[in-house]
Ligand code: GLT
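Next up: a single chain in structure tokens, the form predicted alone.
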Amino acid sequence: MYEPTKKDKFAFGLWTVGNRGADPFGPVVRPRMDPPEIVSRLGELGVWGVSFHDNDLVPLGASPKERDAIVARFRKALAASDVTVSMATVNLFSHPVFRDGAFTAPSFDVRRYALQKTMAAIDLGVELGAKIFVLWGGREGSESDAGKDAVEALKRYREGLNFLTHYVKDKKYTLRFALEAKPNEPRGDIYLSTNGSMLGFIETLDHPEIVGVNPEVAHETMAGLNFYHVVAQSIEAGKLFHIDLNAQKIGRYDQDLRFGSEDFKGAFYLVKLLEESGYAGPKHFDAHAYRTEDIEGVWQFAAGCMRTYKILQHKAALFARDKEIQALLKEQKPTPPYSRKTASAIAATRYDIDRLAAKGADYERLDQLVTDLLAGARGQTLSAS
């Protein structure tokens, strides 16, 4: 029941399972895994897709001949493992040249180099079959607002994204962009710090129709937001092009924990939303194993992400079939569209607001039933058949 299938569209990044466990206080604890090896192990686990930053696959400074040889080996591994490239992205945050941003950098040459690097990453992703290109502005921000005009920085950001959307259109690529927000880290403050900010920003671009969002559990939780609500807004706006699944404790650094390992109830509502909304994109686990783990622990981590999703998927089906839970969910009528007749009817209606105010919502009972369901105290034989 909880084994992943290709239909689940589960995906991992080369940098996720390939994370070597370094942190600001200690060096790497695991050996490097070759990208074809990662693809092979993902295939064995039943994973559908793999994603990568440009330099996860092709080292910075590789010659064209070296690049082509690396891509050929990777393509062969994809075919042998029946794994697809679910998404591509670009690293605009590791090299010191980007220490003050990429598209928002004060330096004209740095901004042009960021465009050059991103265009090459787009070409690489398209070559390997990617249909989605994620952009995370990890260095697009500041520590001291004296050094940058935030208004001008946002204008530069827009200029860069407009350039790239025109590039994709000109090349006739069937590629869509997904913008990823984060409030802070590695910068003190990152521009367009929440998913809602990204949704507003997208509408100011030249080609908003090919730009959506890639919300991440950890990033929105760092900002103290309800991720279920964040994703619901993205779906309602028609802009959920990609999603990063992991777990996070509020008030901590970006932890990228195994999916569902924190806020189990929040993870449940997220899975329920994705399954019931008809979201058909990748279910991408942007997380990594604890630093305590060896290589085999990494694969236990990857299997655990998918298993938890499948368990919660099953719980969502039980929720929909539970008669007692469904009886508490009142049918809600939509607000009628405006017309003079409707407006006049509403204005003339007398509402007994004291009676309306006295009626409880029964949410305590409903929430406990959901808790029982998630804890295994309500099964398929308990009002759920």
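One rule holds for the numbers: they count along the sequence shown, beginning at 1. Since the model is a prediction, treat every value here as computed from it, not as a measurement.
A second form of this protein, the form predicted together with 5-thio-alpha-D-glucopyranose, is not displayed here; the remarks below concern that form.
Contact with 5-thio-alpha-D-glucopyranose in the predicted bound form, defined as a heavy atom within 4.5 Å, is made by none of 139, 187 and 255. Contact annotation: 5-thio-alpha-D-glucopyranose lies within 4.5 Å of heavy atoms from the stretch 177-185 in the predicted bound form, the single such stretch among 109-117, 229-237, 177-185, 199-207.
For the options 86, 248, 89, 308, the residue carrying a heavy atom within 4.5 angstroms of 5-thio-alpha-D-glucopyranose in the predicted bound form is 89. For the options 269, 299, 93, 167, the one in contact with 5-thio-alpha-D-glucopyranose in the predicted bound form, meaning a heavy atom within 4.5 Å, is 93. Under a 4.5 angstroms non-hydrogen atom cutoff, 5-thio-alpha-D-glucopyranose in the predicted bound form has residue 286 among its neighbouring residues. Scanning 22-57 for heavy atoms within 4.5 Å of 5-thio-alpha-D-glucopyranose in the predicted bound form gives just one residue, 53.
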